[in-house]
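As a starting point, one isolated chain is supplied in structure tokens, in the form predicted on its own.
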Amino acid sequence: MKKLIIGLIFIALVSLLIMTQYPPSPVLTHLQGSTMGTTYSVQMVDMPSAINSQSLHQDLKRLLSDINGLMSTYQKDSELSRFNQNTSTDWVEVSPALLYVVDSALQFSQRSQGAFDITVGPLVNLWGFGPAVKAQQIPSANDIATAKTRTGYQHLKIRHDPPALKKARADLYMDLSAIAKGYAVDKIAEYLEKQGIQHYLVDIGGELHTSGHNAEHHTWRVAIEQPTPGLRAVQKIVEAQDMGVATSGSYRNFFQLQGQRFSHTIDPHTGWPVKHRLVSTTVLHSDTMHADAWATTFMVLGMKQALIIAEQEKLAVFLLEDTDTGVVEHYSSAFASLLIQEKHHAGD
């Protein structure tokens, strides 16, 4: 009997040693679906066993549905749509969440001297990139000038207590598409953290947030696409450690008329789609909403101004410029330091 007990103890110790040397493989849970006119994906590694993935997915769906119900211009009964339809110039009480995103957007407008402007909606719609029918012709100069009179972030006022918005023009129209997806990504990440989930990657329409490690116990790796219409190829791969990543480009959402290509990125100052050769901007930031807004801002500003502001704000920014000899990469000092760290890790 003693020999049997000793043998069982020996087997248990050997098993424990093997488990220590070869820990169980990480378990990857992947949830996905549609939201905000695009798709979402949530990858989680080693999710706590007490969490039911189906229940978690239902919670995430409700969270995304709630955000869509606040900030969508495609949903006619959303809080944003109701505000846009409201012709009053009095204070209109709104949810704290909508006020927070609008307030953040106005701060970006001020910091970018109007390059980022959520009131650009009338111009977006005029050019056929909003909920309305796609453009069949280039808008006239008169139509553009008329639409511009309905824009201007200065015409939008906020009140924090109680939360409210006010139009200086009754026909002011907001479009949060350049910031709402980043906000939604951050809210999902915040929810996952509250559930004790530490290792994840959240993706909504290409706006990402990472935390911890992937299923191979490495830092999450994010691919930046080549700016080639109709082609899905990788331009650069970066390691994103606990941060948001957002990309804005002119090579996916555009239309062609009269031999010209028109980007969905509208310059609020001119009323026209941007015409410079910057075709893709990627921003890495601890806050995905900030990365989202900055990526759009830089697409409006163009290469030179984008790099200047990126250095001033100490932002990690990766830019792709379409030249006569091909696509040329540019990046800020903060992004360069990420590349140095990536090379260092590769040599370990």
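We number the residues from 1 along the sequence you see. Every value quoted in this text rests on a predicted model; they were computed, and no experiment measured them.
The same protein also exists as the form predicted together with a small molecule; that form is not shown, yet it is the one meant from here on.
Contact with the small molecule in the model of the complex, judged as any non-hydrogen atom within 4.5 angstroms, is confined among 232-240, 211-219, 79-87, 178-186 to 178-186. Contact annotation: residue 115 falls within 4.5 Å of the small molecule in the model of the complex, judged by heavy atom distances. The small molecule in the model of the complex comes within 4.5 Å of no heavy atom belonging to residue 152. Though the partner is left out of this view, residue 245 does not reach within 4.5 Å of the small molecule in the model of the complex, counting heavy atoms only. Proximity of residue 72 to the small molecule in the model of the complex falls outside the 4.5 Å heavy atom cutoff. With the partner omitted here, the residue from 148, 264, 166, 276 that has a non-hydrogen atom within 4.5 angstroms of the small molecule in the model of the complex is 264. Listed residues 289, 300, 44, 317 were compared with the small molecule in the model of the complex; 300 is the one with a heavy atom within 4.5 Å.
The candidate spot formed by 120, 207 and 268 lies fully in contact with the small molecule in the model of the complex, as each residue has a heavy atom within 4.5 Å of it.
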